[in-house]
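Provided below as structure tokens are two forms of one protein chain, presented individually as structure 1 and structure 2.
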Structure 1
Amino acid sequence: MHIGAPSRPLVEVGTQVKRGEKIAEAQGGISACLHSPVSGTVSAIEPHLTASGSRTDCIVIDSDGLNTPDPSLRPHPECEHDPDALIALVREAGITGMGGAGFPTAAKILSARGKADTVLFNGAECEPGIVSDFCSMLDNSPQLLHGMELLLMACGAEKGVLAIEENKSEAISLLSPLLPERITLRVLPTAYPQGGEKQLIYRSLGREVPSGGLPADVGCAVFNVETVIAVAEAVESGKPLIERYCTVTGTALQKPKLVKIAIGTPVEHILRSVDPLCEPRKVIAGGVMMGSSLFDLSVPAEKGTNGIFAMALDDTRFREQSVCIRCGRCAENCPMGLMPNYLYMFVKKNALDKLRAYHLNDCLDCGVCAYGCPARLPLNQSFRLGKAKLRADDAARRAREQAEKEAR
């Protein structure tokens, strides 16, 4: 559900839980609490497949269909003008980034305090076919406005910028006259992958985040609009992050549908809520450019699952990959200025030092390189594998250093 340390279960098999009740505690600074999205009974705590293809411990809850709310949930007016209280509530509510890697929001606020003079609110939603953020802005505009004010206060920032792409004219018309004086609207040309933090900061403010750096290094913090709404809901009603908007679309369906899903709902159950045109040949969790192709539809929807694409046969025909022809198209189109052709070769050769030297960790996983590759090379998948190898190598190095330190 989030990057960082896994949360620690607070329940066991047979525990009766209410909707919104905390069922797992955050562990460490980069972690997030988990809450039950339904009322029911914990039936298992066991390893389960996730959209990334890995297995991780999951809490399985059999819903009783009643959605009985946790009686402890209440409004938190004390957080309106107290940054520390708001950060504690955001952490307790399990709020994470809902448009990207799932970074815990409380940790992001802390990293920006005293550094950020501007907070960017990301309503760009550049991934093709996804309208979750757009519809959330329309349906929850009071909470969006409230959440922006709260996050400005928590970060100690002087001003805010709401960035929306020009193709979302309804949201622009609705929100433009409602924004407070210190929050400005920045209408951006429609482009992909503009929704990434570094790209949005550069397009909106002209500031360039250095390689390996964070938005706070250039005086910024960036929050997805659905995350902003979740912060306001936590203050207004005590509601933790237990549901989100999700775009369900694709050529295997009669028509696209926007649904509000309970976090943790199996993808196969979500697909049953729409009218199929045919049996899907491929299902992607997330967007078609940055999402993960699923081989098991029992995987749960996560806090960052903003879309599910069900593709028909004609859109999934396998094309045999060739070899790199050195056309340079991938490097020409890379929004981070990387050299994907070299990075692909270094991943295949397990050349970890070269991957670091050529800044693999700056890759956005946007998929532009793979989309335009005439050789059909699996560039995006290779780079994700390479990043995993770098993380494993860094963890092993830290373990060696710790062991050497303890042996002295």
Structure 2
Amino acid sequence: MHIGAPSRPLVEVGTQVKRGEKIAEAQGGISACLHSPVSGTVSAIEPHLTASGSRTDCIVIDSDGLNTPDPSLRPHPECEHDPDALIALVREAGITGMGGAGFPTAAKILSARGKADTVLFNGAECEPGIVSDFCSMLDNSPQLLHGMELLLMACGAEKGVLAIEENKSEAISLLSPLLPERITLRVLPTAYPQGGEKQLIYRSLGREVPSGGLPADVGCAVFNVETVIAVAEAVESGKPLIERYCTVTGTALQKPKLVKIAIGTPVEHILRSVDPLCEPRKVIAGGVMMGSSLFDLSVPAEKGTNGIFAMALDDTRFREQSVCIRCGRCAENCPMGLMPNYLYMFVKKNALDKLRAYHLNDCLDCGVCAYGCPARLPLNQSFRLGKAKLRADDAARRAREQAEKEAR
């Protein structure tokens, strides 16, 4: 699963696949190829529930337990100095942003090419409690260094900045002596949502991405460190994106664990690898702030699944909702400078023009407002509804204008 157009299957039920073999082809620019993370037999191609709660066509593969690698995978030394070859390889290897949102990496490089003077490498760890970025940096520092050089080359940028939160001192002390001259280390305060793209650019470079704009508009591109490592691995051994680090934690488990998961593994299988403390009452794919809670544990882990939380009880469930007392904490804390207290009121009143005037569409959905709200109001949750209303309103207006044009 990734953002963009769904990919087209290249296999049929009964096809034998090897580990790393391409099983679906990207469709269009913003799309990604899929590869089998195991060797085995395709048993079904059918709609299956995913973490977002909707059904998407999935390729189900029965593993033969052997993990026989695809013999056609090979190193790609030709990509070391050729941006076009590297972008093609990244696309072929199905690499998407691994920080959560899952934007196809090849498309991102293309958007930044020639525009970015600085490339940011995001080791800030977006969500509290997740250590996937941190551990991938510790375990794969050679690949990280290699990947950073490759991406700088592909984007045509001069400088790179590796941004790490200050509480990850081991990663800082390990990497800072290894960095080449043109890549600087930027230690950031530990905060949420530090790993958000716009916040990271602002904190690291003092540049502000304009509303509705892309990082390329202010001359930069941002890549998650695990994505960087995946790019290096694709060049070094031809390995496509078939596995990732995933933090498995939560109050229903005895000990948190960092596991390397095959993309597509059902969440219930991943949970079985960690000793439980009790039956989980809430399971979250992603982080506790922005992740989605699951109602069915058969959903597959995706390329962006950096964490799975199994909670003994639902923290938000036993809190009484009150009314807005205008304490202003939400506005004080909003990383985008929005005023959630007013936005909430306008969503309830369905005042769409006000929602636009107060810049609802700039909301990141980071959830900081709802986290700190003493009245426990569903702030960012209602903003999602508000954004959907704005989208519907925009679509209706476009349709109306179109109809008028045709009538003329």
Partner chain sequence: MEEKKLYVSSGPHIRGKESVSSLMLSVLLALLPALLAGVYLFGLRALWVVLVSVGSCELFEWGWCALTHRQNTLRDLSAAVTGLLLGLSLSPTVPLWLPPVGAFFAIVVVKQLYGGLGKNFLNPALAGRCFLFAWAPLMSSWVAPRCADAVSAATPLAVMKTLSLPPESLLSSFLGFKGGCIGEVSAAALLLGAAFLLLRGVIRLRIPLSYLLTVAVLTFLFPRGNERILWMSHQLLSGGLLLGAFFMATDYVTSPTTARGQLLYGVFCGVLTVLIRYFGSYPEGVSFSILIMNLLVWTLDRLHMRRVFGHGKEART
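Residue numbering: structure 1 sequence, from 1. The structure presented is a predicted model; accordingly, all values stated were derived computationally and were not measured. Each form is matched to the other, and the largest set of C-alpha atoms that superpose within 1.5 Å is called the rigid core.
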Identity of the form predicted together with the partner chain, given as 1 or 2: 2
So with the core overlaid, does the Cα of Val274 end up 2 Å or more away between the two structures? no
Inspect the rigid-core superposition and answer whether the C-alpha of Asp362 shifts by 2 angstroms or more between the two structures. yes
Does Asn380 count as moved between the two structures, where moved means a C-alpha shift of 2 angstroms or more after fitting the rigid core? yes
Cα displacement of Asn341 between the two structures, core-superposed (Å): 4.4
